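This document starts with one chain, in the form predicted on its own, laid out as structure tokens.
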């Protein structure tokens, strides 16, 4: 294994520990997120996004990494998002939390993992069909949010941080 593999493994394990310590692997937290009565998962993920957003932008700014966006295909995003949301709502776990739940001994989450593997296999088999249909519906190319709205990246970062901090304050005030 290369250094990058080891760093990826260590980072993944640390993230898994944080998922467990943050109690976001618990089924009741997943259901609470779906019902908008418990914002633990949203606060956890938004915190990870905020930290990652700054880290990735700084790495890109100093030329340590090169950002490369996936194409923005409306059909793929809408259908993929709907399938992801349906799977999460049915199973009560997203991909990361299902693996963490199995790690905690919640064996019913194995069905979510099997569903992810089957879904990926079906997608791979049907990709030629999707490439000429769903993926071709509307392709905006390799753009990010700053490109799409025509503002500098750091403005988007600052606005996202302000919005997230406002949401955190709202959730705390409402005790959700």
Partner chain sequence: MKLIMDDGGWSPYLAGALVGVLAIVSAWATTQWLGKTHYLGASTTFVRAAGLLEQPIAADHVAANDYFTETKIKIDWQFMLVLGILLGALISSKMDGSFRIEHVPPTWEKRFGPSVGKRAAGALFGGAVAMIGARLADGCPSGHGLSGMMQLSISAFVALGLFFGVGVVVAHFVYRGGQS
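Here the structure is a predicted model, which means the values were calculated and not measured. Positions refer to the first chain, counted from 1. Basically, rigid core = biggest C-alpha set you can superpose within 1.5 Å across the two forms.
One more form of this protein, predicted in complex with the partner chain, exists but is not displayed; see below.
Mapping the unseen interface onto this chain, residue 166 falls outside it, with no heavy atom inside 4.5 Å of the partner chain in the predicted complex.
Not displayed here, the partner chain is kept clear of residue 61 by more than 4.5 Å at the level of heavy atoms in the predicted complex.
Although the partner is absent here, residue 17 lies within 4.5 Å of the partner chain in the predicted complex, judged by heavy atoms. With a 4.5 Å cutoff on heavy atoms, residue 131 counts as touching the partner chain in the predicted complex. The partner is not shown here, but in the predicted complex the stretch 4-38 reaches within 4.5 angstroms of the partner chain through a heavy atom at 4, 5, 7, 8, 9, 11, 12, 13, 14, 15, 16, 17, 18, 19, 20, 21, 22, 23, 25, 26, 27, 28, 31, 33, 34, 35, 36, 37. Relative to the superposed core, residue 170 undergoes a Cα shift smaller than 2 Å between this form and the one not shown.
With the core held fixed, the Cα of residue 9 is displaced between this form and the one not shown by 2 Å or more.
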